[in-house]
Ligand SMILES: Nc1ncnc2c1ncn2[C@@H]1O[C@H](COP(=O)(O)OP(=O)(O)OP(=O)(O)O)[C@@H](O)[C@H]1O
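Only one chain is given next, in structure tokens, and it is the form predicted alone.
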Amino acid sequence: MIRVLFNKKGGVGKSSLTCNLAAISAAKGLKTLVIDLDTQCNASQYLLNSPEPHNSLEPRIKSLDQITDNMAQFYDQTITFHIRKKPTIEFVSPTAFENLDIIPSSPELDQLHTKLESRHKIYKLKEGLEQLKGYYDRIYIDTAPALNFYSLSALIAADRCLIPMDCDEFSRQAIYNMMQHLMEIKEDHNPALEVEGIIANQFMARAKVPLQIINELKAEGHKVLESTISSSVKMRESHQVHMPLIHLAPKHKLTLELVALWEEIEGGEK
């Protein structure tokens, strides 16, 4: 199962949700891979840059300086013909967490963007991930806040799309626009793609507007997941120590909300 977290609007928590859902998946015993397609490399730093052991976890990778730009190399091989093509599994880096691996991103992806588009390499990620069948039970793809070459590649490769949103009017308008793009991608490139649901992230349960927006989206027929994710400083602490919440604070309210979200999407798994 390949899931992509996508929203053209920034600041909605795609990287945080990607890494935490993947970490929960791994903690539940599923062999899980994160693919970072955002040139900001937030997911890569979150999962790979843990400088100290924590809670008896022994990081195998101490610093981002010790990893190669695997995703850039992966895509570079799609436009370079004289080098030996490596299997996709060779671009995977282990994390400090059992059952959780990552293909890290790189700022160099920006430089490859035009070359890849000009050579019509939009299906290369899908082809590469076909090689990983049998290695991983779940794959989560983090994307940039844009419908660019890489996010389109991810949507073509994925089985399911999760859409994080913060519950304001700008986010709702972005949802309308994005749903049209997703319908076109499904029709033109990936008939198997399903919108698994909209995630209400940074949700304020006591505020009137977020609940109103969620109810209106549901009434319009959009699939909004029942599990909501609160805003909490604990997520920022998790970023700072590079430790997903399932390991940092397994009993915290925010962690329990993330676990409930994971259980909801996995409950729909067939």
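Small disclaimer: the values here were computed from a predicted structure and weren't measured. The first residue of the shown sequence is 1; numbering continues from there.
One more form of this protein should be noted, the form predicted together with the ligand, which is absent from this view; the next part is about it.
Contact between T32 and the ligand in the predicted bound form is not found at the 4.5 Å heavy atom cutoff. In the predicted bound form, at least one heavy atom of S232 sits within 4.5 Å of the ligand. Taking the partner from elsewhere, Q40 is found to have a heavy atom lying within 4.5 Å of the ligand in the predicted bound form. Among residues of the shown chain, K208 is not one whose heavy atoms approach the ligand to within 4.5 Å in the predicted bound form. The single contact residue among Q45, N70, Q202, S227, judged by any heavy atom lying within 4.5 Å of the ligand in the predicted bound form, is Q202.
Annotation for 1-40: interface residues with the ligand in the predicted bound form are K9, G10, G11, V12, G13, K14, S15, S16, D38, Q40 [heavy atom within 4.5 Å].
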